[in-house]
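Quick setup: one chain, the form predicted on its own, written in C-alpha cells, and binding and motion questions come after.
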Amino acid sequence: MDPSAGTRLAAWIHRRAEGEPVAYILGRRGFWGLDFEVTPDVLVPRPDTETLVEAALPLVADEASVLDVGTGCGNVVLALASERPRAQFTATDIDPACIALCRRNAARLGLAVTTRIADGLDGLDGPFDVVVGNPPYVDDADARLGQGDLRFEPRRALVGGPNGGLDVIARLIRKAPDRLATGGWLCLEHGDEQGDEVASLFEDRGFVDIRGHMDLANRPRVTVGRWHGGTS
C-alpha cells in the first residue's frame, strides 16, 4: 500500500470512530441508483427518503413543472429528473452552499434543473404541478440531535421547531396552494410519528386525496395531497 493511502485510511478510521458519517468522510452517497457528492453542508441522503421519490413519481407527468423545496445535495429532485427527463425541475434552498452542491451533482449526472436560493416557498412564481420537500421535522428539544450521525449534520436541516418539529411543515402546507396549479400535488417527508398530524394539517388547509406512504421499515414517512384549486 502506498504510504499516503495508509495515512488517509487511518484518518478516515479515526473520523468514523468519532462518529462522523461515512458519507462525509468519503464525500459520496448513493441514492436512487445515482451517485451524489455530499458535504457537511447537507443532510446525508437516506434510503427512507427514497419513499418521497416513490410517492411523487407517479404524480409527475412527462412535461410537468416540479419544485423541490430545501433541496440539499439535490438527491430528490435529481432522482425525479432521472425518471422524467421531459419535465421541468426547480430546486431551492436557503443555503447557497447547498445550491452550489446541487448544481455540481446535476452537471455531473447530466440532468437539467433550475436552482434558486429561497426560504421555503417565498419569492417563487409557479404555478407548479408538483411540490416536493424533505423539510426539517425534528423537535428542537429532541435528545437524538446530540446522538450518532445527527451530531455532525447541519442543525438547520434537521430542526423543525419547538412544536413537535412541525413548524416548517405547517408553514409549507399553508403556503403551498399559492404556488400549486389547480389539481397540483404537495408531497412532504416527515417523522415516523407525525403522519396523523401532517395529514390533519393537509386536510385543514383544504387539500383532498390525502394519503400516506410507508418507508422501508413500514413506518409513516411521506404524506401527499392534491390542491383542489379553490380559494387559497
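Because the structure is predicted, anything quoted here is derived from the model rather than measured. Note that residue numbering begins at 1 and tracks the sequence as displayed.
There is another form of the same protein, the form predicted together with a small molecule; it is not shown, and what comes next is about it.
Enquirer: Counting only non-hydrogen atoms and a 4.5 angstroms cut-off, does G184 reach the small molecule in the model of the complex?
Expert: So G184 does not count as contacting the small molecule.
Enquirer: Verify the contact flag for P136: yes if a non-hydrogen atom of it lies within 4.5 Å of a non-hydrogen atom of the small molecule in the model of the complex, no if not.
Expert: Judged by the heavy-atom cut-off of 4.5 Å, P136 is in contact with the small molecule in the model of the complex.
Enquirer: For V76, is any heavy atom within 4.5 Å of the small molecule in the model of the complex, or not?
Expert: Within the cut-off, so yes.
Enquirer: Does any heavy atom of G70 come within 4.5 Å of a heavy atom of the small molecule in the model of the complex?
Expert: G70 belongs to the contact set for the small molecule.
Enquirer: On the criterion of a non-hydrogen atom at 4.5 angstroms or closer, are S65, I173 and H228 all touching the small molecule in the model of the complex?
Expert: Zero of three within 4.5 Å in the model of the complex.
Enquirer: Look at the stretches 141-149, 104-112, 155-163, 79-87 and give the one with heavy atoms within 4.5 Å of the small molecule in the model of the complex.
Expert: Of the stretches listed, the one contacting the partner is 155-163.
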